[in-house]
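This document opens with one chain alone, in structure tokens, the form predicted on its own.
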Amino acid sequence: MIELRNATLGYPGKTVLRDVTLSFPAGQITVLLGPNGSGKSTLLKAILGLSQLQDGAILVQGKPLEAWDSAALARQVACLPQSRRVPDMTVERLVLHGRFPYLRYPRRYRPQDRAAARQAMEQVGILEYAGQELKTLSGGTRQKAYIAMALAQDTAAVLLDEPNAYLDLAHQLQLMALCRDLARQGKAVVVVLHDLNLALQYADRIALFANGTLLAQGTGPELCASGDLNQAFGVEVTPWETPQGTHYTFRLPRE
């Protein structure tokens, strides 16, 4: 659904990632992993045209990124960025912003837009907060409102940059289960995570970044067996089997 071909990415005067070839297929969760500053957020921004494609190509639905206008691209790809301001509005009004790519001037919400916003709020469990001001909510509930806005956009791909920020453990698991549901619906789901355990439990594929490059890509077990996770994070990752499936332990390397 989204494909990078030998893509070099960055900002004017600065290269962040070099020669990345990677695809984000429909129906799968792809997790982007890597140390801080390894270029994960820059990659998501490049797909949206917000960071610079310095070389190579980015394709969305087989079409070069530069061939999409902003509204058409927003009907294909939704993104929850890492940092956001908190506007003076209700939860429902924020979620309705996800419908902007479908509106013509003057922007008036249609019944189908309100229905999509309501469905998105139900999906993330915040419908009861629809009429509340964002600034009155806890960080976790506010985060869910932004996730609902991305879902209301009703796109083929959903990009989530550290969506578990501000969420407690139970809500983190609920969010990853929601990502699994979205993938089952046929969406391409791309998630930036710092939690290795969640990544290994939920990712269909992992793209591992370090030192300005795509170090490796594959399934969680493949990256554990290759030692690439150990190399990127400076830890020892050990899988162990339980009746509930494979789990992982992490420790610093022995001296």
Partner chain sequence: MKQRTPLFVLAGLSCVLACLLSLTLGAAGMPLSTLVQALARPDSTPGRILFLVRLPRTAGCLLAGAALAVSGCVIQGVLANPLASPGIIGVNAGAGFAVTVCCALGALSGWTMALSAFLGALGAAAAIAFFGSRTGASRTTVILAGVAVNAFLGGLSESVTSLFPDVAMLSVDFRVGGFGSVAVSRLMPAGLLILAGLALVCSLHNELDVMSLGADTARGLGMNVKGMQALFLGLAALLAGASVSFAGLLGFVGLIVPHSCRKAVGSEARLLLPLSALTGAAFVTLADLLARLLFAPFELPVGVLLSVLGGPFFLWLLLTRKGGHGDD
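Numbering follows the first chain given and starts at 1. On a predicted model such as this, the values are computed, not experimentally measured, just so you know.
The following text describes the form predicted together with the partner chain, which does not appear among the structures shown.
**Student:** So, in the model of the complex, is Val77 in contact with the partner chain at a 4.5 angstroms heavy atom limit?
**Tutor:** Contact check for Val77: yes, within 4.5 Å of the partner chain in the model of the complex.
**Student:** Can you work out whether Lys187 and the partner chain are in contact in the model of the complex, taking contact to mean some heavy atom pair no more than 4.5 Å apart?
**Tutor:** No - in the model of the complex, heavy atoms of Lys187 and the partner chain never come within 4.5 Å of each other.
**Student:** Leu175: heavy atom within 4.5 Å of the partner chain in the model of the complex?
**Tutor:** Answer no; every heavy atom of Leu175 is more than 4.5 Å from the partner chain in the model of the complex.
**Student:** Gly27: heavy atom within 4.5 Å of the partner chain in the model of the complex?
**Tutor:** No, Gly27 is distant from the partner.
**Student:** Look at the stretches 32-40, 215-223, 46-54, 188-196 and give the one with heavy atoms within 4.5 Å of the partner chain in the model of the complex.
**Tutor:** Contact criterion met by 46-54 only.
**Student:** Does the trio Met89, Leu94 and Glu133 actually contact the partner chain in the model of the complex, every residue with a heavy atom within 4.5 Å?
**Tutor:** Checked in the model of the complex: all three residues contact the partner chain.
**Student:** Heavy atom within 4.5 Å of the partner chain in the model of the complex: which residues of 134-152 qualify?
**Tutor:** In sequence order, Arg142, Tyr146, Met149 come within 4.5 Å of the partner.
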